[in-house]
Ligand SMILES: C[S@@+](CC[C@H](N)C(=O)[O-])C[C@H]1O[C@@H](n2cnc3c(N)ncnc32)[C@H](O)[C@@H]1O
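Just the one chain here, the form predicted on its own, laid out as structure tokens.
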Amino acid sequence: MSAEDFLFELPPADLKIAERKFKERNPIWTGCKARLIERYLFYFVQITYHGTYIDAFAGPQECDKHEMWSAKLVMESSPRWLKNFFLFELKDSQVKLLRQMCNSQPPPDKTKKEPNRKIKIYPGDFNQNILMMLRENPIRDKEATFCLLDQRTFECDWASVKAIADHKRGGNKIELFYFFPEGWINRSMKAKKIDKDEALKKWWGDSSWPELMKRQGAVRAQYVCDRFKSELKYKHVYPFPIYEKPDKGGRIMYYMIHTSDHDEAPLLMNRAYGKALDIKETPEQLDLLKVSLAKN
């Protein structure tokens, strides 16, 4: 089986086998995560022709490296069929950069059926603002929606994750891409001294976080995924590993956990992982992808 054939399949269910395959064929390094996110949203709109994008920590992680800025790459990705953008950021300096980036976007190209976009920036703590955003901007049950929860370590409360997962009353849930810091979670747990239990209860959602810490690696990633399935009732949940550069050891630094109710979403994310560092497909190759999806 060729590497390209693998991109038309679901990722392996056995996570230890999957991690070996990912690393062998086309691993995503830490500095390339934004390109994975952009590539998935590129496929996303090829299927939906519309969509809403929510970014909980939307400012650039490194202000001088825009190729690592997920919100910017997604907003500027073509075709520009994503219609609604809800961007959250705590730091004033990064809110300023977000505003500059959003204001610099060109008007929609109606010859390409680009919609008028709604872009809203919410300065301040995401956990405090997400409920307000969901009240102010009801998301229709049939509206394809993707939410990036790209926290640094413990910044995203489980209550916020649950609010997003439970928001729709019908149809597919809001898709999530959730950052889990496998590479340094043990060290960060030990470093927390003040109000440690309370802080971790907010992040994990209850006092069972010590059970999480009894596990590690692929076993711990599966434990987190099982919770998204059992508690939040997502149909498909999968942890995509993001690696350290080979010259620095090549270990898994974190997982991006993808959750969706749409049956085609895991295949698209698997393909995005394999193609994120490649040149985008030609229209003919995209047509082939759509034909393959139609057969599944």
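Heads up: residue numbers just count along the shown sequence, starting at 1. Bear in mind the structure is a predicted one, so any value in this text is a computation, not a measurement.
Below, we refer to the form predicted together with the ligand, which is not included among the displayed structures.
Residues within 4.5 angstroms of the ligand in the model of the complex, judged by any non-hydrogen atom, belong to 61 to 69 and to none of the other stretches in 262 to 270, 242 to 250, 44 to 52, 61 to 69. With the partner omitted from this view, the residue of G124, P115, P181, G205 that lies near the ligand in the model of the complex is G124 [heavy atom within 4.5 Å]. With the partner omitted here, the residue from A165, M133, L90, V224 that has a non-hydrogen atom within 4.5 angstroms of the ligand in the model of the complex is L90.
With respect to the ligand in the model of the complex, the three residues A56, Q94 and E155 uniformly fall within 4.5 angstroms at the level of their nearest heavy atom.
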